[in-house]
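Let's start with one chain on its own, the form predicted on its own, as structure tokens.
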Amino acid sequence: MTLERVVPASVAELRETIAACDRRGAAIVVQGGNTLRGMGFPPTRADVELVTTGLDRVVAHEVRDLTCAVQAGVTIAALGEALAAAGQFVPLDAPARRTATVGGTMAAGWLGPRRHRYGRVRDYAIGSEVVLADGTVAHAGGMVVKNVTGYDMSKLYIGSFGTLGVLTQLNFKTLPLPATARVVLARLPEGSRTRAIAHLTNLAIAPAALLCVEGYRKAIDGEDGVDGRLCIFFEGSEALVERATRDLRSALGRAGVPEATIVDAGARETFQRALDATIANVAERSVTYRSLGTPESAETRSLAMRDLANRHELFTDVLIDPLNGDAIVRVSERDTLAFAARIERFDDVLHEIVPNAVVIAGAAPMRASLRVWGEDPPALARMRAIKTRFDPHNTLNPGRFLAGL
């Protein structure tokens, strides 16, 4: 069946498309930059592909009020450049920022490594415009940071995977852009990773991001030691970054990590490559899982996932985020048929030991048969009721979300 592709140039055109599809029972697959297409189930029905990239305007930037409003199809890079011109930013931490859209990133509820410092991106959304399944244009919040009247409906749409409505505009509070950025890379000698994590998570000046890496050799800068490598991102004033670096060097020495490389020129690009790696696929021969949990358990969960993959004769790349508690493991094989033969069994056993492991990337055709959302949440019945209320004809992204919502 041929999928009709629609790229509306206005909210009015978008709402007319949605309303018409809802009336005739056509299913809509909502798409932004398509960078997070490896998340979620394939749609159970698909008649129209609705692409939001035509809604690409920065609507407003109130510099003195530290707020902005952008259409959903604006890319993360374009938003960053527009705000940077006035010395501000929103910490979205999206992979593939040149093509990732604001609306798609927010609808997917993407979580980046700087959230331990700045908070979740949903906390920066102070208002939204959304088109519901029947074509109604709904607004929530506004352009005022302290807008506390009524329900915060914007947060309902963030992370709902486009199953309740199509985001067309988001309003954010912004932050002053840090003047200086620096990345520190360090190889980890044998037996040093646990000590390094313990020392670095207790620094007086916490890094903006701290990643322990194994593999990802073509994607993330630095070289592995026996225990992998560290990628540490600092940002702030020049004096703050210098002091943080001195403290870091002392901590690395106490952990038994003798050498570190400092990257100043291109530090933000180096950090961005680490973000990009989280969704990078190895052709159709890889699947990437992420498990959220406590910072104290991140290393243990990561290594349990890695060891299990190795027992299933799968290759692994590992990212540990000990400041937030994320464990990210990409499993792959050299041969497509061998990968297909092993990944489903691995997926079954994985969820016995890490029930909340979620697939965040993977172009493999067999992804549809995996437990891509992990275990069902306790509030599933309530989520079904909300979906039925907002989208009674199951028009928007049918089957993509948790438990096939």
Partner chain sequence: MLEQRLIDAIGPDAVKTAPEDLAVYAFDAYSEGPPPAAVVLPASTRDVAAVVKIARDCGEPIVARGAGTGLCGAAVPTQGGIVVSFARMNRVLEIDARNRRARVQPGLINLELSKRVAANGLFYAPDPSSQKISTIGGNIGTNAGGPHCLSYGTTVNHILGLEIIDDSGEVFTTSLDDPGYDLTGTLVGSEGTLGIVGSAWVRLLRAPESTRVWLAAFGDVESASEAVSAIVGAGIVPTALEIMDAVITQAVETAFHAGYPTDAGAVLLIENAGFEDDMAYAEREIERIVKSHGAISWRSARNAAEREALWAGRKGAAGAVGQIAPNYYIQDVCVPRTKLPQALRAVTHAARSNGIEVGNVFHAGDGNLHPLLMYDKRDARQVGAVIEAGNEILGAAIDLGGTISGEHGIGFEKRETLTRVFTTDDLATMARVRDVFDPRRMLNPEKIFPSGASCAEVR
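Residue numbers count along the first chain shown, from 1. Every value quoted in this text rests on a predicted model; they were computed, and no experiment measured them.
The form predicted together with its partner chain is left out here; the points below concern that form.
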item: The single option of Asp134, Asp227, Asp276, Glu333 touching its partner chain in the predicted bound form, heavy atom within 4.5 Å; value: Asp134
item: Interface residue in the predicted bound form among Asp123, Glu190, Asp307, Glu269, criterion: non-hydrogen atom within 4.5 angstroms of its partner chain; value: Asp123
item: Heavy atom of each of Glu4, Ala69 and Pro365 within 4.5 Å of its partner chain in the predicted bound form; value: no
item: 4.5 Å heavy atom contact, Lys155 to its partner chain in the predicted bound form; value: yes
item: Contact label in the predicted bound form: Glu296 to its partner chain, heavy atom within 4.5 Å; value: yes
item: Contact test in the predicted bound form: His116 vs its partner chain, heavy atoms, 4.5 Å; value: yes
item: Gln31, heavy atom within 4.5 angstroms of its partner chain in the predicted bound form; value: no
item: Among 287-295, 309-317, 92-100, 248-256, the region lying within 4.5 Å of its partner chain in the predicted bound form by heavy atom distance; value: 287-295
item: Partner contacts for 52-77, taking its partner chain in the predicted bound form and a 4.5 Å heavy atom cut-off; value: Arg64, Asp65, Leu66
